[in-house]
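Take a look at this single chain, the form predicted alone, given in structure tokens.
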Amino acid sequence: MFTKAITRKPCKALIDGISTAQFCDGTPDYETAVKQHDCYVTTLRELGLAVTDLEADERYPDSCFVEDPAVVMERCAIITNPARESRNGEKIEIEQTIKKFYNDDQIFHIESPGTLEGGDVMRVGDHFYVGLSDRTNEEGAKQFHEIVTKFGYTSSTVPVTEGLHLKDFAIYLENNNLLVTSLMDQEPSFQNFNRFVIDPEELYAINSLYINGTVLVPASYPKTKALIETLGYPVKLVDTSEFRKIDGSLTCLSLRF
């Protein structure tokens, strides 16, 4: 059960955010992105979360994607070490807010040469799947494992063989249900899940977000919406089209705990 979330308003420098164009070409419109972010925060609050919505930080174009510089859970919080230099300062800023919710002995750091970003960390119960990607390396995953196991959690690694982060290609919705691409459907670590392969035309919608029984689904992906509804979840549509242009999606816009 999530009770709290941390978000950060998009900055005007958003148009300079890192993009692989894996989901969409184009430059985000700042004003539209602000409106979409406001709706996202409102939706989290409607689902019962107390949201700390941080002010925009113009120094970091990608800073609205607060999920990457930290991983939070009930027993501890981990400040990550983003692989891209342009994002590395975000971890310093997010830690100031993390300290409002965790004691100093609950806060840990991924240290170089380890790299890790929250978009590569997928939680299933008390287990974490850590994607090995261009953003998260073996050393970062090793440090993550050493930290979380101190608090009774477990972790394992899976390869990210397509795109940016693990959670762009596999998302856990609770009740043993997993949304995946056709490639991730073959991943040995996921074979005991109920796996649902998303239509390639709706790949972006894999990154849907389960919160307290409801699933947030990106707007304009009717096949994925219908699939999730057939699994018995109430659905809320959230438009993140501007964030899509810089590889952003529903999970990366908040830290939930």
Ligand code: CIR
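What you see is a predicted model, and the numbers here were worked out from it, not measured in a lab. Position 1 is the first residue in the sequence shown; the rest follow in order.
Separately, the form predicted together with this ligand exists; it is not shown, and the next lines address it.
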| field | Contact segment among 210 to 218, 184 to 192, 45 to 53, 66 to 74, judged by heavy atoms lying within 4.5 Å of this ligand in the predicted bound form | value | 66 to 74
| Candidate from 94, 179, 130, 164 lying within 4.5 Å of this ligand in the predicted bound form - any heavy atom | 164
| Would residue 240 count as touching this ligand in the predicted bound form under a 4.5 Å heavy atom rule? | no
| message | Taking any heavy atom pair closer than or equal to 4.5 Å as contact, tell me whether residue 145 reaches this ligand in the predicted bound form. | response | no
| task | Spell out, yes or no, whether the shortest heavy atom distance between residue 255 and this ligand in the predicted bound form is within 4.5 Å. | result | no
| message | Quick check on residue 119: any heavy atom within 4.5 Å of this ligand in the predicted bound form? | response | yes
| In sequence order, which positions of 218 to 257 have a non-hydrogen atom within 4.5 Å of this ligand in the predicted bound form? | 246, 247, 248, 249, 252
